[in-house]
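Below you'll find only one chain, the form predicted on its own, shown as C-alpha cells.
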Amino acid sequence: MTTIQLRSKSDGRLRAGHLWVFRDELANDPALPAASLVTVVAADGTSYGTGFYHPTSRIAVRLLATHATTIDTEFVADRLRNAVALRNRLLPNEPMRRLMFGESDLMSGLIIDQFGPVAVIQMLSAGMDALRHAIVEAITTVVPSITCVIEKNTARVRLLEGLEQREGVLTGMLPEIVESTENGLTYMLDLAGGQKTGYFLDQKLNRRVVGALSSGKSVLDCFCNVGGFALNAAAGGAANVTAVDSSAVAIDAARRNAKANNLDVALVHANAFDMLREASHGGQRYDLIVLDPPSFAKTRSAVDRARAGYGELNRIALKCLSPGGTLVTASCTQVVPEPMFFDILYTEAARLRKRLRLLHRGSQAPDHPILLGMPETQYLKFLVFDVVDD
C-alpha cells in the first residue's frame, strides 16, 4: 500500500476529525489510478489511516479507517451493521430511513436509503464506485428484508471523480410503485423516476412539526415534491392545504399520495416564486407557509446568488402571510450556514417592518447524523417563525 505524506502543518483538519485530504495538502502526489488504497501520514510521521486516492479530484484522499486495513465486502458490511444499529436505536420500526450517510458513517461518498424492501444507493466517489458489488452484497446480508437494490448515480459530483452517471437495478425486482409509510402516512413512491434517491428523508421529523402546527389553518406548501409537508398538514387538521411544485411528475406523485391517504390537497403545477408573487399582488393570504426549496448553491462561488434567492423567496412569502401567520422556512444549501440564513431572514423581515419570533429550530433527521469534525455533513436548516403583531 502506498504511503502519502502531507505538507508540514497541513494536518489540522484531520487532527480534528475531518476525513478529506485536499490535493494542495500533499507533499507527494503519486502516479496512482483512481480508487487506489493509500495510507496518509503527517510530516512528523503521525498516521491518519487508510483511504481511497484520486489522481485529479480536489479531494485527493477520502479517509475510511484510522489504521491500515483491507477495504472489502466484510469491511463494508461491518460499517453497515454499525450504521443500521444506530438507526434502529434512533428511529426504530421506520420502514423509510437513511441507512448510510457517507462521511457521518465513515464511508465517504456512499449514500444508502431504505424504502421498505428496496435500497437505493448513490456512490459519489470513485472509491465507493469500485466497491459497488461489495456494497450490494453487504446490504442484502446485513438487512435481509431488502430484496431489491437500485443505484441512482446521476449526481453531478460524480463527474468531478471521472465517473459516468448511471442508474438501474443492481439486484432483485423493482416494483413500479413502492408503498411505504412515514409519520403514519402512506406513500406510493416511484423510486426509479423520483428525484435523488426517490424521497427526501431528511425532513421526516420536521414534517411532524408542520402537522402539529396546522390545525384549522390555511396552509401553502411551496416546492412540495411528492407532498410530504402538505400531507402532514392535512392530516394535522388544516382547514385547507395548497401544494405547488414546478415538476409535473412531482405533482402527479403528490396527487397519488393524497389519494392513498384520503386527504384533500389542492395541487398546483407552477413555479413557487411566480405563485407567491401572484398571491401577494392578488391579496391571497395563508395562515402557514412552508418553504422547502431545492439547494440554491452547490459551491461557495454561488453563495451571493443563494442569498439573493433565499431573500426574495422569504420576502414574498412574508407578504402572503395572514396577520399573526406562521412561516416555516428551510435551507438545504450547505454553503449557507445557519447564522447567514438567520441574517437573511432578519434583513427581509426588517425590510417589511415585520417582527418574527422563532418558535422552533430543527435540522436533518437523526438518520442523517452530523459528524462534528466535518461541517459538510451539517446542511439542513429548518426554522419556524410566527409574525408578531401589536
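The first residue of the sequence shown is number 1, and the count goes up from there. The model shown is predicted, which means the values in this text are computed figures rather than measured ones.
Quick note: we don't show the form predicted in complex with a small molecule, though the next part is all about it.
For the small molecule in the predicted complex, the listed stretch (143-151, 113-121, 315-323, 217-225) containing residues with heavy atoms inside 4.5 Å is 217-225.
The three residues F200, D245 and A270 all sit with a heavy atom within 4.5 Å of the small molecule in the predicted complex.
In summary, among the residues N257, T171, S180, Q195, the only one with a non-hydrogen atom within 4.5 Å of the small molecule in the predicted complex is Q195.
Checking P95, G184, P175, P294 against the small molecule in the predicted complex, a heavy atom within 4.5 Å turns up for just one residue: P294.
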